[in-house]
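This document starts with one chain, in the form predicted alone, laid out as structure tokens.
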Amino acid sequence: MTKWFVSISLLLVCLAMIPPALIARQRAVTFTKPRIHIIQDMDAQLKFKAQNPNTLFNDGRSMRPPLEGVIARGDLMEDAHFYKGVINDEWATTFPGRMPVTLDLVRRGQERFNIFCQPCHGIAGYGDGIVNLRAMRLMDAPLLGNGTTWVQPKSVHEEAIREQPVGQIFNSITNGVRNMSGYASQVPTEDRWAIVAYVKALQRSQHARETDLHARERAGLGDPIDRRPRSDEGGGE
């Protein structure tokens, strides 16, 4: 093997190490200038960010102070019961006055629940929605499931959730909880309360008490302990 071949081989190896070394440096070192950005999208814009200087104004600031004499008008979100689900810094146990619980409200909540909540929590709220089923199948796949984890969505019928005040459930929908993201940006405040109403209806439907029925309805239930067949049903000796 000639010396020139060895020299060229070493040179090529050294040149081949340059790109990985540059990439590693780019990932490890902090720069004051932006990195190479081939596809700009809308990331690079002519704008003034907070705390940056701006020579357009006499004080040289980008952030502008409030105008003198300006008074805010309209709904200032001062109703903590409606917007935050709290009363006197505690979770509200009642619905806001502007959101009376009616059949129309529950039906609206059912519609919104089926759109935003059902994919994860399931149609009956047991945490068995299609997203969970899909994730569980992926977890069982030998290639996709290796090294990944999945936390099943909560069932709204768990005792701890059934005991939560309506304000706390509203807060969970608004701001999210644990792995669940908040839906304040997607679901208006009124619809979030409608979803709360439907969730409470779901919980009652799966944990109904005999006292929830009228007297005439309870009379038609018979004795829940006596399961012996009646004479007209056969089965007698």
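These numbers were taken from a predicted model, which means no experiment stands behind them. Throughout, we count residues from 1 along the sequence that is shown.
Below, we refer to the form predicted in complex with a small molecule, which is not included among the displayed structures.
**Q** H121, I161 and Y183 - do all three of these have some heavy atom no more than 4.5 Å from the small molecule in the predicted complex?
**A** Every listed residue reaches the small molecule in the predicted complex, so yes.
**Q** F116 near the small molecule in the predicted complex, any heavy atom under 4.5 Å?
**A** Although the small molecule is absent here, F116 would touch it in the predicted complex, with heavy atoms inside 4.5 Å.
**Q** Is M63 part of the interface with the small molecule in the predicted complex - any heavy atom within 4.5 Å?
**A** M63: no contact with the small molecule in the predicted complex.
**Q** Can you work out whether K154 and the small molecule are in contact in the predicted complex, taking contact to mean some heavy atom pair no more than 4.5 Å apart?
**A** Heavy-atom contact with the small molecule at 4.5 Å: present for K154.
**Q** Is T189 near the small molecule? Define near as a heavy atom within 4.5 Å, in the predicted complex.
**A** T189: no, not in contact with the small molecule in the predicted complex.
**Q** Determine which one of 174-182, 50-58, 65-73, 205-213 lies within 4.5 Å of the small molecule in the predicted complex, judging by heavy atom distances; exactly one does.
**A** Only one stretch passes the 4.5 Å heavy-atom test: 174-182.
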